[in-house]
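Take a look at this single chain in C-alpha cells; it is the form predicted alone.
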Amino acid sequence: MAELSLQHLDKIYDNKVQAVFDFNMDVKDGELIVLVGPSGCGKSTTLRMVAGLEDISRGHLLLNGRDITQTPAKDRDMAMVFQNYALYAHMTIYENMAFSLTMRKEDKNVIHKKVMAAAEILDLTAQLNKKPSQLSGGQRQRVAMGRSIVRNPSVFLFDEPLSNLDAKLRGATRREILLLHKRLGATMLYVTHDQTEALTLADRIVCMSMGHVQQIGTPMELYDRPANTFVAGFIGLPPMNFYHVRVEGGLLKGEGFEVPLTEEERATLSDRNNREIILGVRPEDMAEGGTVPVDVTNNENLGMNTLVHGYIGGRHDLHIVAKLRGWKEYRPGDGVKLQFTRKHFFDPETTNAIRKED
C-alpha cells in the first residue's frame, strides 16, 4: 500500500528562480499519475522532489501519512526509471537487475528469485546472460524497469522513460508499462511531454505550465472539459483551433465567418451577449456542410480520416485544421464549408473555460 500526499510543494533555487509553485495533490494507492507539459514546466523537478533528488523549498511530502520531506532518497522506498536507462555496460542483464539487492547484501537465493520473477514479468528471461549493448532500446528500458521491480518499492517513478525510443518501440513499451501497472497494482508517478502517453496511461493527469498546475483530472476530463486554453491546446492531437468571436444573440461572429449556437450553448453564454469570447474547436469536432468557409491549402490523408488544412474566408491569420472522416481529395485552392459539431468557450481575459455552471 502506498498513498502519497504532495502538500503545497514549492521549488526555489539558490538564484531565486522558482521552478514549481504550490503543487498540491493526493495520490491514491495503486494510482498511475502522469505529469505532462512542455519542456521547462516543472514536471521533472516535481518528480525529483518526490524522489528526494531535489530539496523541497516549501511544503510537505507524505508517504502513507508519514512526513518524508527531509528523508534521504535512499530511505524513501521509491524506485526511479530514468530516460537514459543508466545500465552498467560491463554487467550482464541479470547483474544489472540484481545490482541494488547485491549492494544491500541480500541473500543470493532471494536475489535470484526476485530477478527471475521480474524477468518473467518483463519477458527478459532469455536475455539475462547478455550485456546491455546486445539489447534493443525497448529491451534496455525493460531492464531498467526490472531493476526497479526487484526492489519492490512503495512507489515507482518514471522520468520520460520512452523519449529515447522510436515511435514503434514507444507504443510497444507504453503498452508494457500499462500491463505492468495492472499486474503489480503499484503506485506510479510518470513524467512525459507526450500527451498521447498521458492520455493512454494515466488514471489521472496533472497538466503543468511554467511551474503551475493547470488542471488535475482523468484523461477524459482534460480532453472533454479543459480548464483553460492552455490545457485545451496541449491535450489533443492535432491541437484545438482557437478564434476570437463575438456573441450576438444566437450567433458567434468572427472575422469572415459566423456559426449558430444551440439552445444549450445560448444558455451557457447568456451573460456574454455582445461580448467577445474565445471559441475553441477540436479538429475532430468538425464536419462538412456548415457555414464556415475554408480555403484548402493541403490534405493529410490518414486512411480512415483526413486532416484538412486551410484558412477561414481566405484570411491567413485564421488557420484551421479539420479532421474529417474518410479519404478526402481536396486540392490547394479548393473551397469547403464546415460545421462545428462541438464547441468550447473561454474567457479572453482569464483564458478559463466558460461553462453553464460557472
Ligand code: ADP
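Residues carry their position along the shown sequence, with the first being 1. Quick caveat: nothing in here was measured; it's all calculated off a predicted structure.
Not on display, but discussed next: the form predicted in complex with the ligand.
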*Is it open or blocked here: the ligand placed from its pose in the predicted complex by C-alpha superposition, 2.4 Å cut-off to backbone or C-beta atoms, 3 or more ligand atoms needed to block?*
open
*Want to guess which of 63-71, 36-44, 303-311, 23-31 is within 4.5 Å of the ligand in the predicted complex, heavy atoms only?*
36-44
*With heavy atoms only and a cut-off of 4.5 Å, decide whether Val336 touches the ligand in the predicted complex.*
no
_Within 4.5 Å, heavy atoms only: does Ala19 come near the ligand in the predicted complex?_
yes
